[in-house]
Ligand SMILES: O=C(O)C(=O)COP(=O)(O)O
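Take a look at this single chain, the form predicted alone, given in structure tokens.
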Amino acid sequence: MPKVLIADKMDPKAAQIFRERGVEVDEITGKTPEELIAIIGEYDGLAIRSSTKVTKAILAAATNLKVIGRAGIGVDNVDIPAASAQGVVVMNTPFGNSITTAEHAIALMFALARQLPEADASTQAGKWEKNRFMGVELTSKTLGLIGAGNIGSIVADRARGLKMKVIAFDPFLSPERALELGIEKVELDDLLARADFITLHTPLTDQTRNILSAEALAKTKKGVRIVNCARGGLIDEAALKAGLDSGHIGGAALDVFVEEPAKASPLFGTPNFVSTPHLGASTTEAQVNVAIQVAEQMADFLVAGGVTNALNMPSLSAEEAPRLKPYMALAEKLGSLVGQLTHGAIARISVHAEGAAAELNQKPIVAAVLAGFLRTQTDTVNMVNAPLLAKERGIEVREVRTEREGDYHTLLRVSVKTDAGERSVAGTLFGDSAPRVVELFGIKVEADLAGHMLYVVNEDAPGFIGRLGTLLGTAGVNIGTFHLGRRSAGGEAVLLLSIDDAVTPELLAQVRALPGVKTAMGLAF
């Protein structure tokens, strides 16, 4: 039974879902990194929020860990490259608190527009400064979205309901999606020049860090009001304070800061500045939603092989997994076969799906090919880290689909390019479940790939099979199955034999000494 550790405080429904799905769960929160290192080795899954930092040291101790689930969007507290290198899937729940975060951004827009925090403090202090707090309407104002993904699109919808004009800078926003959302796609400089309000909804990356830099803020409309409920580090906080002090920026509201907890920010006390302590996802509904989602996602992965909202692996639904499972087994065997038979530096691996295979989700299939191929070089590879390892080795990966059927109803072909040229192997599924190789380097051959095998390339000549059988019998080697293929009569032939034990160097030397043998290798699956 899989075992999961819930390391941060989470709604009780998470543990309940794990148990209902057949996953053992421990709720142990508030542990120091050293304490977590001492216990993490016994768990298959780790469920966290933002408190637990999953470092390289913790991952090194997590020898059985298969999945990390972050209840929430941000994964700044997880060393994703280290997790990927170790073959650990990292998931988040990007939709569970989307509405909550979007509503918080809208609330902060209202707070800035009507100076609500200052007006509240003044009124409760016994003052009645009605003329001091002259706000602005949101109606007819231009809202500039930096990021129009899941949360940004919800903000756009609410803003349009408030009769605002919405423009957006997002390199990934298609014209069709912009039209669907009823917003105008613009470049960043255009947004800065036109927006009365700017709100950020983008992750913190090397490309987005300080996207509102001093230079960018100088390009904004005088009196602009800025809201950030996304990630600290998107705005140059010193430049923001300078803009507020000068009056160029009419107001700013931050729910996130470069350093958190933010207890001594220079922005505190600045006029027209509103702050909240990272409350974007903090509603009862959101906390329940993300807890339920992370438990469902992790349980699906550990029990059924489904992969949802993973940041370092292709998505694979629990419904898809049973259908894809035999294809992934075939893909891994083909990858392993070509890896064992190919020598020298690999420049490119191509995965070509034909017929029924072309209709499937290709990402897990390609990952399985890479895992099988690279497992011939390292024993720490799986579908999670295989694409990363291939990239590190400078291997180009290509994916090709051909929906028409060829000689087979469904076919996977794996080709590798080396300095010596390009070679390929191909396989199919018999009965939609049994993987079988049907072509080896251009030679037709039908064979199961299982256990220990002897691979021989020889000249097609009378008596060879008899000589090989005699040699194996004399050596005490029992043959399980025997598969033969050839290019043409008298040409090059291929033999694949499954045998009961691993091929020894002594046996290989004897086989290679037989007349007509060009290549002989031991394979293992």
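Bear in mind that the values here come from a model prediction, so they are computed numbers and not experimental data. Don't overthink the numbering: it's just position in the shown sequence, from 1.
One more form of this protein, predicted together with this ligand, exists but is not displayed; see below.
**Q** Based on heavy atom distances of 4.5 Å or less, which listed stretch (263 to 271, 360 to 368, 434 to 442, 69 to 77) is in contact with this ligand in the predicted bound form?
**A** That would be 69 to 77.
**Q** Looking at Thr481, Thr29, Thr55, Ser50 here, can you tell me which has any non-hydrogen atom within 4.5 angstroms of this ligand in the predicted bound form?
**A** Checking each option against this ligand in the predicted bound form, the one that comes within 4.5 Å is Ser50.
**Q** Looking at Thr308, Gln340, Gln115, Asn97, which has any heavy atom no more than 4.5 Å from this ligand in the predicted bound form?
**A** That would be Asn97.
**Q** Check whether Arg231 has any heavy atom within 4.5 Å of a heavy atom of this ligand in the predicted bound form, and answer yes or no.
**A** Yes, Arg231 lies within 4.5 Å of this ligand in the predicted bound form.
**Q** Would His278 show up as a contact with this ligand in the predicted bound form if we use heavy atoms at 4.5 Å?
**A** His278: yes, in contact with this ligand in the predicted bound form.
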